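Below you will find one chain, with nothing else, as structure tokens; this is the form predicted alone, and questions on how it binds or moves follow later.
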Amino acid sequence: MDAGQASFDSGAFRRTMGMFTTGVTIITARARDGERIGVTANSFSSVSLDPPLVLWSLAKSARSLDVFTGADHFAIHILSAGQEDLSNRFASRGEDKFAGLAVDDGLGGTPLLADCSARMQCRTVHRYEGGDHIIFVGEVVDLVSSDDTPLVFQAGKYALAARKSSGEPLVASALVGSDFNEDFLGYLLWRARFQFAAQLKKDAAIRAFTDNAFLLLVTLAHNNWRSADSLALTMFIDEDVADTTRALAELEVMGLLERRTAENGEALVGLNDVGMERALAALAAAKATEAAFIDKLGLWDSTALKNLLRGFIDATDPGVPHPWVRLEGEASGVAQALD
């Protein structure tokens, strides 16, 4: 093999570089004819603190290369976790990427996007050859940042950044040991649920209900008038619906629930006006509890935790819909009250 010849192909190099987690940015500039230009890029890095310099690179084959090469200013937008669609939009070709967006004009008329984790307006100070790319170095002359969770990119997929919860080294211990201890997934899920539920129960709007009655209450608040069978199925309650029956009876005794028939004759249960009022109060209390936990954990880690839990739920889904999702063919139209 020649001394300067690589022992790998471009695909292997791309996959390897993808292992390095990066942020996701949109770089914008304005052409001399007034056209607004923007591209999605993760080839962004800081260069210097004094003066404040940053760099990014653009493929020589990019149609926007001439605009960025001729622009005296450009803006770097570090995207927030909720801007995945915006990233995809500016990574595409053949459309007006700014259509329908709220855009301000920055230095040199540079288009500025909203709701990013951070935004930097830069003066172009250097352009360098970098293989099949051009490297742009800019001096940051204006900076706006927020506490919004940033969007990141890793191994070809969007991701979220999460911080370590302790000073202990990170260890891939998922397959090590089988004890029911603080590193066991089942224990972690159970303990988290236990601590959240214990905090919920401290609020008077929730304390009056058993766990099943509370779940039924908020489920009916989202989608009222359901059959007991469908509620039992979607709430993972026993197939004999005994637990559902007890929870429904609890709400009925409290004067919060009524029984009616559907237009097809099916028996339905639903919250009355008082029940709906109690449900909304309970939901408000639950949201307040969530806000307190997010405040303790931090917005970044809370966002990452929710994303991980959604992924866990999707990966282990047994095919049962969420409680508030009405089943296919389930009656909804209420005809009359049951005696």
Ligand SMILES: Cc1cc2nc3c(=O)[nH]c(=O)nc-3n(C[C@H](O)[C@H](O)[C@H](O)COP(=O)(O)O)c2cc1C
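All values reported here derive from a predicted model rather than from experimental measurement. For every residue, the number given is its place in the sequence shown, counted from 1.
The discussion below concerns the form predicted together with this ligand, not included here.
- The partner is absent here, but in the predicted bound form a heavy atom of His133, alone among His133, Arg127, Arg259, Arg246, sits within 4.5 Å of this ligand.
- Just one of Lys296, Arg32, Arg63, Lys287 comes within 4.5 Å of this ligand in the predicted bound form, counting any heavy atom, and that one is Arg63.
- Look at 310 to 318, 296 to 304, 63 to 71, 267 to 275: in the predicted bound form, residues with non-hydrogen atoms within 4.5 angstroms of this ligand sit in 63 to 71.
- Contact between Arg193 and this ligand in the predicted bound form is not found at the 4.5 Å heavy atom cutoff.
- This ligand in the predicted bound form is not approached by Ala282, whose heavy atoms all lie more than 4.5 angstroms from it.
- When contacts are judged by a 4.5 Å heavy atom cut-off, Leu58 counts as touching this ligand in the predicted bound form.
- For Tyr187, no non-hydrogen atom is located within 4.5 Å of this ligand in the predicted bound form, even though that partner is not displayed.
- Contacts of stretch 21 to 59 with this ligand in the predicted bound form, defined by any heavy atom lying within 4.5 Å, are made by Val24, Val39, Thr40, Ala41, Asn42, Ser43, Ser57, Leu58, Ala59, listed in sequence order.
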